[in-house]
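The chain below stands alone and is given as structure tokens, in the form predicted on its own.
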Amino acid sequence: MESHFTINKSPVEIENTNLKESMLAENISWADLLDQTIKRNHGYLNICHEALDNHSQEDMNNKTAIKFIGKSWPENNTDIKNISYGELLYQTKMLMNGLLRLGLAKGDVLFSLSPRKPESYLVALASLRAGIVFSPLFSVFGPEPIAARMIKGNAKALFTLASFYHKKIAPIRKSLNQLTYLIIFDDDGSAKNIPNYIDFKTLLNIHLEKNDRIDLIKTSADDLALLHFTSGTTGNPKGAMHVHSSVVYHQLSGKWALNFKKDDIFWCTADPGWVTGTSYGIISPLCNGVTLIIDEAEFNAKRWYEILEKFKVTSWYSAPTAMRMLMKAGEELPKEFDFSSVQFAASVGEPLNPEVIWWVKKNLGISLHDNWWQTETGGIMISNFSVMAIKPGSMGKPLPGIEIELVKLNDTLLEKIMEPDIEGQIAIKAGWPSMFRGYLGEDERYLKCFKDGWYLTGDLAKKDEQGYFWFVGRADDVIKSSGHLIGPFEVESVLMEHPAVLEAAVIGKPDLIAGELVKGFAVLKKNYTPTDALRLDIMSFARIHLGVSIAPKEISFVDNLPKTKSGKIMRRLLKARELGLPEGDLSMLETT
């Protein structure tokens, strides 16, 4: 059944100069594209080289690669730092030589625990250039989840801030047996109290004679480059391994799905500690030669609006959670700002509710384009391209060269679903360049993700007659009630259409007769009071739009929903708390 949100809603079309609609069905040979790139690089492939060296021409050297906005802006109007492509390449080479001079080598793993600072982006690029495996950590992590990931990842080096060390690393340092190099950026003057550390600034400025300098470690397409730990919404996080060939997909998918053009001012609001903040917050925009905005501060609605206006952001990539936070700040605030520079905006991390799309369009004049991908895919797989009409609530269509089917497993057989509007698991034909190459230390778990040459994502969706995909939910989130399979996303989106509801989540609650009943959790907008009358009104609203069999039978009002830092609602945690079950891994839980 196609989402009812498309009824009487007129989508907006914007010309995408990078992609023609006919390309969506083209049969692209990733093997040929990869082979061409490797030949151009004389048999080697390195992510950093593709991101920076191809821009070393004279016309790019002085172009701004990174515009860093410090916390004290706009009160301190000088708290802005512009780093050109030429300077970024030079500093990356310097730091790479510093890392190698320490004793780090190709294949060693370097973890980075840092907020949004230029130094953390530089560490990522220098590590990749040196053939060192880069693994970002969320800056909000506490000691235990940091230790678990670093021990599992055999961390040889760690980059972090002095202020972070005392709170997060000191309590676990003795347990990090493999950690040889502790690289500290002294952000608060407390580094002198850290034993056996390496000063970042000194490392960056190690003087080497010309003959001692190394320009680039020659990595192959299949050399390990990135280690990303998954969000852990359904259990313990896994270490997804990605190789240097990923860059081919990062570059093209940014151009196609995010409509990158070289004159773009691009703002990816994602934290560099998760996969979006690396793939599309560092690699893809730099590969496409755009100017990257980095905002050091935490979310503030007025500040975000000021950044969009002041710096004339043309391309904006954020998350549904952030959009709902803008909604919570009200409709009056955006009237003070001009957002006309924004030519393209997209969202990722959690399905984009239609109500959010219409609010942003109404109040900011911006069309939001949802897209879908996973840590495991390494890049955007399905997108609402600007070349085609947006169907609010839809994930969009697959990128060129990406073959996607909805499937179901019958015993050991993989059966493709050919009819429209039938629910199935999203399966992707294996072979795209950014596909993960394993779960660290979990070979059997990795192999179970594939069947007959298809990667089974664990996400459920439907596809309509026009080829648009509609997210249903994680396979383990789907609610089975009285013979119905109910996807949480559609129910949550209906609840959000009620004028009182800002955010919503639903779970399946065990029932002796129905198997499971739908229970909803709602965060109310300002000026609404949680009362029994309002609860009944919301439940009635849901019954009208969804039908009695699908609408929630219970609704609880909550102040906030448990989410990962990347914005994904942790439904398993809601369910565990509701049923009094063990809560499991909470390392990715966003603290409020």
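What you see is a predicted model; the values in this text were computed from it and never measured. Quick note: we count residues from 1 along the sequence shown, nothing fancier.
Keep in mind the form predicted in complex with adenosine monophosphate is missing from the figure; the text below concerns it.
Scanning Val491, Met323, Val290, Val275 against adenosine monophosphate in the predicted bound form with a 4.5 Å heavy atom cut-off leaves one residue, Val275. Contact with adenosine monophosphate in the predicted bound form, judged by any heavy atom within 4.5 Å, is made by just one of Trp432, Phe471, Tyr121, Tyr85: Phe471. At the 4.5 Å threshold, heavy atoms of Glu350 reach adenosine monophosphate in the predicted bound form. Though the partner is left out of this view, His166 does not reach within 4.5 Å of adenosine monophosphate in the predicted bound form, counting heavy atoms only. The shortest heavy atom separation between Asn371 and adenosine monophosphate in the predicted bound form is within 4.5 Å. By the criterion of a heavy atom within 4.5 Å, Asn97 is excluded from the residues contacting adenosine monophosphate in the predicted bound form. Shown here without its partner, the chain carries Lys255, Asp295 and Val313, none of which come within 4.5 Å of adenosine monophosphate in the predicted bound form through any heavy atom. Segments offered: 153-161, 206-214, 373-381, 260-268. Contacting adenosine monophosphate in the predicted bound form at heavy atom distances within 4.5 Å is 373-381. Taking a 4.5 Å heavy atom cutoff to adenosine monophosphate in the predicted bound form, the one contacting residue in 384-399 is Met395. Inter-residue distance, Glu516 to Leu414 (Cα): increased by at least 3 Å in the predicted bound form versus the depicted form.
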